[in-house]
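One chain comes next, on its own, written as structure tokens: the form predicted alone.
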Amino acid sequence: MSDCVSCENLNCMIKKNIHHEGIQKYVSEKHNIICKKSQQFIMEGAPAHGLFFVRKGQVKVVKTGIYGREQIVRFAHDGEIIGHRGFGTTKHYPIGALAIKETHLCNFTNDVLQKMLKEVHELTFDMMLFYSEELNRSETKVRKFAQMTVREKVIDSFLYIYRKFGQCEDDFFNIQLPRKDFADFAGTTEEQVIRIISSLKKEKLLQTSGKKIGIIDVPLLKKEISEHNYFLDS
């Protein structure tokens, strides 16, 4: 069983406030879940049953778009929250979530989390800041989608993955995603992503090896979309 006191995710808002007695007495009520690679732990439209905190792993958050096409809303890793749009007055999850690789999750039911929020004001404040930042990211993404070319959207998705997961010593992303996932996140087609990857490789901005992708020249890639304030979305 995972223990919030010994958890190393210092950016997790539960861990951040674990010294409060108002949180400690509820930690034993959380559920510990282990998801295998590609396992879906939130079904879009399913009844909401609390928030999920990623203890360890990688997750993609999806939503069904026009004509039933899957759209990737965001990615998440250690310490981040999943399912927050199903918290509060909403009775159903408006999104789905899948584990990209084996992922360990901590789940707090809505009832338990509401009790903690009422007792620990610091946690309530952190949650308010979190929702404010999420709103800012959503508005930024809408604006970027309206203004960016397809090439810029794909470049933006690569830089997002770079900021979110970083790169290994071999200069490839610390996450392996199929080209389709990049397309679903950038809001374009897999064919367009493949063409743009080929173009960026010729320009010595990107490198690939099978499914692996890595950025060769981060500053130059940033420069291509600097006018869109790429750094607002992390």
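All residue numbers are counted from 1 along the displayed sequence. Everything numeric here is computed off the predicted structure, so don't read it as measured data.
FYI, the form predicted together with the DNA isn't displayed, but the following is about it.
- With the DNA left out of view, the stretch that reaches within 4.5 Å of it through heavy atoms in the predicted complex is, among 40 to 48, 192 to 200, 166 to 174, 26 to 34, 192 to 200.
- Proximity to the DNA in the predicted complex, defined as a heavy atom within 4.5 Å, holds among Asn136, Thr124, Gln114, Thr149 only for Thr149.
- Mapping the unseen interface onto this chain, Lys223 falls outside it, with no heavy atom inside 4.5 Å of the DNA in the predicted complex.
- Remark: Thr188 counts among the residues lining the DNA in the predicted complex, judged by a heavy atom distance of 4.5 Å or less.
- In the predicted complex, the DNA sits within 4.5 Å of a heavy atom belonging to Lys211.
- Although the partner is absent here, Pro178 sits close enough that one of its heavy atoms falls within 4.5 Å of the DNA in the predicted complex.
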